[in-house]
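As structure tokens, one chain now follows by itself in the form predicted on its own.
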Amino acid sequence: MKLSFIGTGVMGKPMALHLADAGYDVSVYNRTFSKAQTLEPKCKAFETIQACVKDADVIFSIVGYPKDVEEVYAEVMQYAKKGAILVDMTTSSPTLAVKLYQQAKEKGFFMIDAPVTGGDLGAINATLSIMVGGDEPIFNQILPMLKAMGSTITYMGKEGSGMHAKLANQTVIAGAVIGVAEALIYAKEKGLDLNKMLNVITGGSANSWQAKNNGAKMIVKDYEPGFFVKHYLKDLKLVLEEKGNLNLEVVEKVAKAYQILEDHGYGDKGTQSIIEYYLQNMK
């Protein structure tokens, strides 16, 4: 079976390689061709979407923003063969996911929304959690491929449901990441040893993925991105766009903090850099 993978960045590169390691014939495309080339010889790199997708049975994508998703699938639906399964794994707009599903159906394709969570380590270790929306029979067809990239695969329901699930997940992260930052700032202010404090947090009921993986990075100001500030801010804005009449105070607070960080030049830093919002008393 021939697969295409569009977007070979921090997340997409290891995900595409896992598919190749699972025995699939994988073609890859990235706007920066040199990034796609780094996957050779396991994958075949192409300089255009047209060349990458024209023979593919299943086409995966994980790109930056909803506008990128829409642009990519305008091309994909122009050049892919009829009957191909299209799987967008970007954290994107649920409304857009429904729109693309309908467009795909009209043009003879099958569209699935399947965003992921687990960060760069999850992508590297093939332990991602993948939330899937779309037609269940199509989900069942691609399930072996999803299992090559993740360890927790959950069918959430009709088109757009995967995206809604991801936004709910990002809402949880908002509380966790700012909670770790505020705890460390409080401990610092009170003269506590931050490494000992982090051991307390990760050893008890306050533990979380954010505390375990990003807490130590906050302490030493290691802001190398596992997940970019600019991309998480995009996610939080999507939550706020989709929330309707819900009052989501934590999301609003965290989105404001990350917007300020981006305005101060932290867009390409990791989400753990939120501690700078407090260290620099950004307003």
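Numbers for residues come from their place in the sequence shown, where the first is 1. Computed from a prediction, not measured in an experiment: that's the story for all the values here.
The same protein also has a form predicted in complex with a further copy of the same chain, omitted here; what follows describes it.
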Contact at G9, F46 and N125 by a further copy of the same chain in the predicted bound form, all three, heavy atom at most 4.5 Å: no
Among 140-148, 190-198, 103-111, 74-82, the region lying within 4.5 Å of a further copy of the same chain in the predicted bound form by heavy atom distance: 190-198
4.5 Å heavy atom contact, E249 to a further copy of the same chain in the predicted bound form: yes
Contact test in the predicted bound form: M131 vs a further copy of the same chain, heavy atoms, 4.5 Å: yes
4.5 Å heavy atom contact, V58 and a further copy of the same chain in the predicted bound form: no
In the predicted bound form, A206 touching a further copy of the same chain (heavy atom, 4.5 Å): yes
Interface residue in the predicted bound form among V239, V63, V26, L39, criterion: non-hydrogen atom within 4.5 angstroms of a further copy of the same chain: V239
Residues from 157-180 in contact with a further copy of the same chain (non-hydrogen atom within 4.5 Å) in the predicted bound form: S161, H164, A165, L167, A168, N169, T171, V172, I173, G175, A176, I178, G179, V180
